[in-house]
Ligand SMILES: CC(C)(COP(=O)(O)OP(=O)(O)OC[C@H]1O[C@@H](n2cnc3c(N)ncnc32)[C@H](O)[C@@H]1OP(=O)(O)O)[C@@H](O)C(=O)NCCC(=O)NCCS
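Single chain ahead, by itself, as structure tokens, in the form predicted alone.
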């Protein structure tokens, strides 16, 4: 299973020129990323869905900034301790060649020849984050307490237990169950809450049985709303930092969340963990995994 995303290379696009335009008419370009983050059914974008949740769950700007600051601090601590290095393959300047095909390659910028650590995490005090201007007047979301736009790829091998045993492979985790739900698009960020509830219902487990949660931090208010809705013990949530600090490379996030969760279960000796994310358009998805060594 592989996911890859280069958000820094998302294009600025012209959406209205396919059938031509009049001489002298303005040539309009739009940020493709911003267009992709708008929900045409609800008529709002992803930041506005988080603002809706902030109002619904009475989440303040101070709470969101503190949550973001904590995410950065946990990510920096995990990086310093070497935890993140265990799931990162360094990216280097290199060329890929195969007979019959045009050579392809990766060229890092400037004199950099290798990137082996995430570059976005940094200590970000809540009072510093509090000075940033909100995206919408009177709102709680800013560029500092929302998920970062980053480039990344993630991969994992998924196989049956029988195959792993027959080939002498030691699995990182066992996939126990999954759940996907639909929610109103204007509060799409709450999706992990009902998805996690459905997952627990299907497996007969309680929230207290789950040792760790990796819930994607699309926006600070969105993740806090999920935690409040579930009554979640936040000491179990994103303990090595989340997407506010590490970034949310859309196609790679699900795999990254689950790999981080599996490794954290091994590190902490806990049995069960849930990775979960909201989905633009009004969905929530959740995955329950088990640490084989703690079973």
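Keep in mind that what you see is a predicted model, and the values were worked out from it rather than measured. Residue numbers count along the first chain shown, from 1.
FYI, the form predicted in complex with this ligand isn't displayed, but the following is about it.
- Taking non-hydrogen atoms only, residue 44 never approaches this ligand to within 4.5 angstroms in the predicted bound form.
- The shortest heavy atom separation between residue 85 and this ligand in the predicted bound form exceeds 4.5 Å.
- When this ligand is considered in the predicted bound form, residue 193 lies well away from it, no heavy atom lying within 4.5 Å.
- Shown alone here, residue 248 lies within 4.5 Å of this ligand in the predicted bound form, counting heavy atoms only.
- Although this ligand is omitted here, in the predicted bound form none of 262, 266 and 295 has a heavy atom within 4.5 Å of it.
- The partner is not drawn, yet in the predicted bound form one stretch among 74 to 82, 123 to 131, 178 to 186, 160 to 168 has residues with heavy atoms inside 4.5 Å of this ligand: 123 to 131.
- Contact with this ligand in the predicted bound form, defined as a heavy atom within 4.5 Å, holds for exactly one of 135, 172, 115, 198, namely 135.
- Heavy atoms closer than or equal to 4.5 Å to this ligand in the predicted bound form belong, across 136 to 161, to the residues 142, 143, 144, 146, 147, 149, ordered by sequence position.
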